[in-house]
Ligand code: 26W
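Coming up is one lone chain in structure tokens, specifically the form predicted on its own.
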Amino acid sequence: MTSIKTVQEMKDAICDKLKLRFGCGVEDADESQMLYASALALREIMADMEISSKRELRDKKARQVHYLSMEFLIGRSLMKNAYNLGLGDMLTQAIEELGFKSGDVFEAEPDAALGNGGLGRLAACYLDSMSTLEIPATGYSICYELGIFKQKIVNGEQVELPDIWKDIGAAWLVTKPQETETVYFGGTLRRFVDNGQLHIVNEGATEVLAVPCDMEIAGYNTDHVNVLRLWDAKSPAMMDMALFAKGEYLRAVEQHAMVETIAKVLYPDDTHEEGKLLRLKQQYFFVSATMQSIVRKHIEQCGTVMNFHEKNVIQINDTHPTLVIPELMRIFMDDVGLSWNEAWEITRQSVAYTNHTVLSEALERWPQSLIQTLLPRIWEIIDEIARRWQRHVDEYYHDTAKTAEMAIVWDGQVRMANLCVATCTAVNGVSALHSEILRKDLFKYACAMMPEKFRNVTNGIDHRRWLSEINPGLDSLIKELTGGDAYLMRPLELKKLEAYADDTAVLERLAKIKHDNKENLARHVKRASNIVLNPDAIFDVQAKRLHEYKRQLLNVLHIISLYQRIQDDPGIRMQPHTFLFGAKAAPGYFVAKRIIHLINSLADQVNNDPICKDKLQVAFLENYRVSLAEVLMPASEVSQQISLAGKEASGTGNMKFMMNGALTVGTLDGANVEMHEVLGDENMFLFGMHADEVVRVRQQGYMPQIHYAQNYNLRRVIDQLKRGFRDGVSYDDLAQRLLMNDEYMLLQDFDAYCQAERRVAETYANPGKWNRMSLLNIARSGIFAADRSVAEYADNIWHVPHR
């Protein structure tokens, strides 16, 4: 349990850290220094718990989970850690009594820029649940200096700025230089035999030091603490002293600068060769350092690697960490001295793979030549795995076409997803529909060969953070109605709320909580962007990564249609409707950035048209991130989950919105399918084709031009794109893209989507019905808690105990 028991002890701890870190007293400190000192006070508590957790792990010699992900979208940590430690109220009171506004101190914390979207946020939720469920686990990633990017909207367009987070965020990081690992790139391989053992040495390679920076992850209502290990990249030599002495100052530090770019940014633009090279360096750097560290610690504990798979399970979060497979083989063979078959069996039983997408662009394929040059020994191992796998497939199917589809190395490319499927002990999708698509489509031939490998674990969210912590009004109501805080550890307790579905007083209280949250969001947006939102309007929200398959553009087409209806009949009576967008587009994704520009052009048009006042409003919320989502989701009333059926693996934003009482407008895609199973047609707004219908329409020859020709309202909307808006910007390029290559079938689903939005407006006009639907969404959301997901991984894939 925590060593701080009183507010006074918390104040003393903060003051001690102020003196130690900044050499000042509380009277001279600012909000950032108070934040840093508060973090250090909590970190000291968590450090004691971490030591105890490690000691217990050593004593029990339990199996450990190693969760590898290129991103962990942690967000802010001060309030989260205080909440999990049971010190939230005490910390808030201590800060206030020391003369500061606690809200200002918490707001001073930057979001840890270690992730991009749902993949990274899922990883962060799972770390919280693993600690809460007392599963010995470590997360691994890169200690990005600048992370993804800070989004700025300039003249309606996205501009990417550095996201500097580590100045204050470093308060949570414990650097451990004594555990530094060395990673090698390039070089040439030399072989020799010594005492009958083949040795392979990489000569002339570039060395990069991987320095661990650990972030403690406290669980809720437990003394168990796990760690997120973030690797920072350093050069062995700060500079070339000989070059420096000659006055060649830039060349003297060039190698140092090049090495440190590895940990500079998340997902560098890979539309050019330099970007591809940097991404591959990042992936190998992170998995090589991780595997070396895990194997070294295992040998220190057990003295042998022959039981490695019994004591360790390595979970690959998407294809980015796939090089863990050949790297583990390399360590076992080259460093430990195992035979190929011994190394293969241990590796095969140690590694599991979660697939997060069916999009071909995200199923990574690396140029063979790039891996051969950058990672010569890794290439040899991949090539041998590929050769053996291909022979196995040939012997099973005797079909060249199937062999080509399943090959790991083919046509000059290395296919990372196929390497995972060939090797890993388990392959899982992240929703029932997605897992079925993996079995029957994406990996259908592998599934026929090895059906026992393929599993499903539907994603989940940290309900303590995404309900209790960010929505205190709703949290209080739930605790009152369900008889306490049991739902925080047993989220299915939320089902008790169903008993109040027809209780008018409860529904009115629920509506009041939502309205208060809307007013809070309106204040936040006014401060941040000087946009004035109407809290009495429907808050209709689409907040997620900007990608064409997520169909933000379909949302925009409907808003244009609604705007045109108002122009046709300025006196039309309608419920005020505010459409809110939050999204970042990848820097090299031109079409996604054009859609952001379009949203802002449309907002400028609508919000400056007097006939739209108190009827229609559009707002793009700049720099969408975890801390903004924490204000947005409690205030949201409509959740847009409108991807083309069969494209979204799961979605986790849909779960967060549902848990906070927003009603879903969505297709039967990803986890929407399972949401529909618990909600039924009557508690969400479904529209559009099902996944099998999408396939059938494509096979019949989808022609978007027919919809344009036959649908008057749609034609008017597309023509508006061609003309542009009051800012003088035409979007003819997007119009032509829809007409000539509507890959995600927006025009096919347009009418059905508009009808769903009309049902939203009609239902909202009946507050009793709307609030009842909202309550039932909350009551049935417990199944989507991360604790359930992690317990399923623990039971069915990792085979580790949990509380």
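Nothing here was measured: the structure is a model prediction, and the numbers come from that model. In case it trips you up, residue 1 is the first one in the sequence shown, and so on.
We do not show the form predicted in complex with the named molecule, though everything after this point is about it.
Though the partner is left out of this view, Ser141 does not reach within 4.5 Å of the named molecule in the predicted bound form, counting heavy atoms only. Within this chain, Arg279 lines the site of the named molecule in the predicted bound form, having a heavy atom no more than 4.5 Å away. In the predicted bound form, His272 approaches the named molecule with a heavy atom inside 4.5 Å.
Among heavy atoms of Glu548, none comes within 4.5 Å of the named molecule in the predicted bound form. Note on contacts: among Met130, Leu122, Met633, Ile316, the single residue with a heavy atom within 4.5 Å of the named molecule in the predicted bound form is Leu122. Only one of the listed residues (Thr357, Gln292, Ser102, Ser601) places a non-hydrogen atom within 4.5 angstroms of the named molecule in the predicted bound form, and that residue is Thr357. The stretch from 199-207, 317-325, 519-527, 614-622 that comes within 4.5 Å of the named molecule in the predicted bound form, counting heavy atoms only, is 317-325. Residues Glu648, Ala649, Ser650, Gly651, Thr652 of 643-662 are found to place at least one heavy atom within 4.5 Å of the named molecule in the predicted bound form. A shift of at least 3 angstroms brings the Cα atoms of Gln542 and Thr271 nearer to each other in the predicted bound form than in the displayed structure.
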